[in-house]
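Just the one chain here, laid out as structure tokens, in the form predicted alone.
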């Protein structure tokens, strides 16, 4: 694709997004609630688009397409398991929203810490989230680097793409906090879904239509139409990838924090329905992109270049390819924005607030804004490593975040859960995940996510049984909440 056209397209996109972000500044966001949660007033439509744009990052059109290119139809099954996991929001979404309204929680870790009456637990969960989410944000930067370098045949270097994404993410995050991110998310989500769907249909038609398309796959790549197919998606690989992904909606704080933001339960239901429709379409599109690249370019060295190579090929008109590129770029930046805001709120609320006992809301907000560029620079440094297979790296980050799941489930469904159990389970579980990821060991062939969840669950239960639970908060989170849910229904 013509490099000048790419630069021009990015410039137009950034200008429109910048104007959208500026227009979102309705008054001064002078509190943590306003800056990080938009005063909890998001409607269903905007929430759905923003949630979709945040969740479906560079992982999809670059990562999932690359995973499809590598392992075939197993990638579709892997993503469908995530879809099944989204149903967890039906259980936890109303509970997050109700306790958030009642107690004014800003972060999911603050909620867990208050439930177990321990600011130490909140700070430990926040530290673990920072540890694993910074590499995940780096994955988004890497996706932009691969996208721009691949689509321009290296005319825009990988590092240039990473630098651009880092700068823009910082800018959008600082303009108006979550309000600027939400409104730019909505614009970006519409660009993503419309452009990618139209262009993939065009690509398939140029490859002879759906009949010829699948006939080509059946004749030349039959192993990519079955599981385990070429062996990539054996049962152990599938489980190791899907277990962290199943719990993504509650384990990843940049996603679960969104459950505090809708203006009502009705808005939350609309958010979930809109997200499911958006996500199913986008999943099919991403898988078709991977298959299309396999037909057109069967011998790529880097699977994550499948989509960039396809966009720069003669199958896609330059203008349409440019629009899809902008959609992918938007998705990646949207996710980075959300992670930057979530991590800065975790640090300022739960870590800084724990270390400095007498801090108020304004001080925490000031610290949160200061650390946004610092977190972005750390992600940038990690992205320069140019690690392969974005999809696998994304799951590796979720494998670390999964250690908080037993405490989250216990907060709402087990009165015997304690702060000691929470703290111990998160620390021990995170240590197990890090050890396994750095050494590459996999007992019984199960990966870090499976063992991290298992170990953290066992430690949480055992330690909680030998320590004293906070009965008053357990009552507020379970008995009172159950009554409110009955009233709402």
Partner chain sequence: MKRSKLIGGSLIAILIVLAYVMPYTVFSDVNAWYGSFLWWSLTALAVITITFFMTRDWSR
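Remember, it's a predicted structure, so these values are computed and weren't measured experimentally. Residue numbers count along the first chain shown, from 1.
Form predicted in complex with its partner chain: not shown, discussed below.
Undergrad: Using a 4.5 Å heavy atom cut-off, which residue among 228, 104, 135, 373 comes into contact with its partner chain in the model of the complex?
TA: Checked against the cut-off, the match is 228.
Undergrad: Looking at 355, 80, 212, 381, which is the one with a non-hydrogen atom within 4.5 Å of its partner chain in the model of the complex?
TA: Answer to the contact question: 80.
Undergrad: Okay, which stretch from 304 to 312, 326 to 334, 113 to 121, 229 to 237 lines its partner chain in the model of the complex, with non-hydrogen atoms inside 4.5 Å?
TA: The contacting stretch is 229 to 237.
Undergrad: Since only the chain is shown here, I'm wondering whether residue 280 would be in contact with its partner chain in the model of the complex (any heavy atom pair within 4.5 Å).
TA: Residue 280 belongs to the contact set for its partner chain.
Undergrad: Please run the contact check for residue 96 against its partner chain in the model of the complex: heavy atoms, 4.5 angstroms, yes or no?
TA: Because no heavy atom of residue 96 falls inside 4.5 Å of its partner chain in the model of the complex, the answer is no.
Undergrad: Even though its partner chain is not shown here, does residue 319 get within 4.5 Å of it in the model of the complex, heavy atoms only?
TA: It does not: once its partner chain is placed as it appears in the model of the complex, residue 319 has no heavy atom within 4.5 Å of it.
Undergrad: Can you work out whether residue 266 and its partner chain are in contact in the model of the complex, taking contact to mean some heavy atom pair no more than 4.5 Å apart?
TA: Yes, contact at 4.5 Å.
Undergrad: For the heavy atom contacts within 4.5 Å of its partner chain in the model of the complex, list the residues of 82 to 105 involved, in sequence order.
TA: Sequence-ordered list: 83, 84, 87, 89, 90, 94.
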